[in-house]
Structure formats: structure tokens, C-alpha cells
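Below you will find one chain, with nothing else, as C-alpha cells; this is the form predicted on its own, and questions on how it binds or moves follow later.
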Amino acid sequence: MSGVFITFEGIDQSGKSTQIEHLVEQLNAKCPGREVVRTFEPGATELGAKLRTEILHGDAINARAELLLYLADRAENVSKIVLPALARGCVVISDRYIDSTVAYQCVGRKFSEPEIAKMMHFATDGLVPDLTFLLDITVAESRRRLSTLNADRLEQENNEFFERVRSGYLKLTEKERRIYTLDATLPADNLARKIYEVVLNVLD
């Protein structure tokens, strides 16, 4: 039984965590013989937790330094969590992965995508998800959902930045067949059913 790598993407407050929780619960209930491993970026490893604090809650950092910290977190996550779990035949579900770098750093921060692609390949040893869900909401809806929360450093970026990020995600859907886009304003239960149906098609 081969492992399956599933990632969830989207701008802030698109509901990724909620849908990942639904999917993990469904897989554990309906596929009890299949181990499910949940991870996230940044912060899933011991090193990643330290990097997450600096990236999201520390003082302002240079955009290049920010990118390198994200990639360091990802390299550790892939090495310590994702690859070992896939080798065991697990379903690995990650909250954010390589598409976040394309959307946030390449498009949002206006870095060269070809140059960053080489760095991502190095950090991940070329690992690409089998399936990615993009939970799409408008920037206005993201801001509305954030209005009652304590925003981290990245969430405090301006609307223009997040419009670029969302545009970056939508452009990715045009060239990456593994990305399945969903309207994240739909009721959570409806989304969960759609996601589970798609996931069943990629499981052994």
C-alpha cells in the first residue's frame, strides 16, 4: 500500500483547518486500516515551532529571510514527518505546502518563480502532493473572518498583497491538474462531503 500526500491551500481564514479535521475524522471512521498523519506549515516539528514563532509573531523580517525560514521549516517537515509517513503507507494531510510559497512569496512578495522553484525542489527533495484542495474565498471575506481574531504578522499585510496571493493561487489551478478548487463560502458540511468524495478516488 503506497502512501498518499494531500495538501490544503488558501488565503487566511478559508477554512483549511476545519476541513482537514473533517477529513481526518471521516478517514479514521471509514478507513480504519489506513493510518492518517496530519501536519502543517510552519511549525509541525521541534525546529519548525521555533521558526513559526519568528515568522509569524516575531519582529519584522526581510522578505528573503522570511522565504528561507519557510523553506527550512518545510525541509524539516518533509524529512521528519511527511516522507517517513508516506513510506509507511499513510495518508498524509498537510495544512499548506509548496503552493503557499508560490502564492505568498513568488506572487505576493514578487520573487522570481523559476528561481524559487529550484529552492523548493531542494527543500522537499522534489516531493509533490498527489492531491491539493484550494479553498477559495475573496479577500473581503477573509478580512471579515479575521476581524474578530488577533492577526499574526502575515495576516496583517494589506489587501493588495492578499489580492496578489489569491491571484497566484488561481493561476496555479490553470496549470496544476492535482489542484481541486472549492468555493470555501459553502456550508462546511457540504465542503467536507465533496472533499471526501474526491479523496476516495485517489486512495488505493
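All figures in this text were calculated on a predicted structure; none of them were measured in a lab. When you see a residue number, it is the position in the sequence shown, counting from 1.
What comes next is about the form predicted together with a small molecule, which is not displayed.
Residues within 4.5 angstroms of the small molecule in the predicted complex, judged by any non-hydrogen atom, belong to 36-44 and to none of the other stretches in 36-44, 173-181, 133-141, 22-30. Contact annotation: residue 52 falls within 4.5 Å of the small molecule in the predicted complex, judged by heavy atom distances. Interface residue remark: residue 146 is not counted as part of the site for the small molecule in the predicted complex, having no heavy atom within 4.5 Å.
Put simply, residue 68 is far from the small molecule in the predicted complex: not one heavy atom of it is within 4.5 Å. Against the small molecule in the predicted complex, the set 7, 196 and 200 makes no contact: no member has a heavy atom within 4.5 Å.
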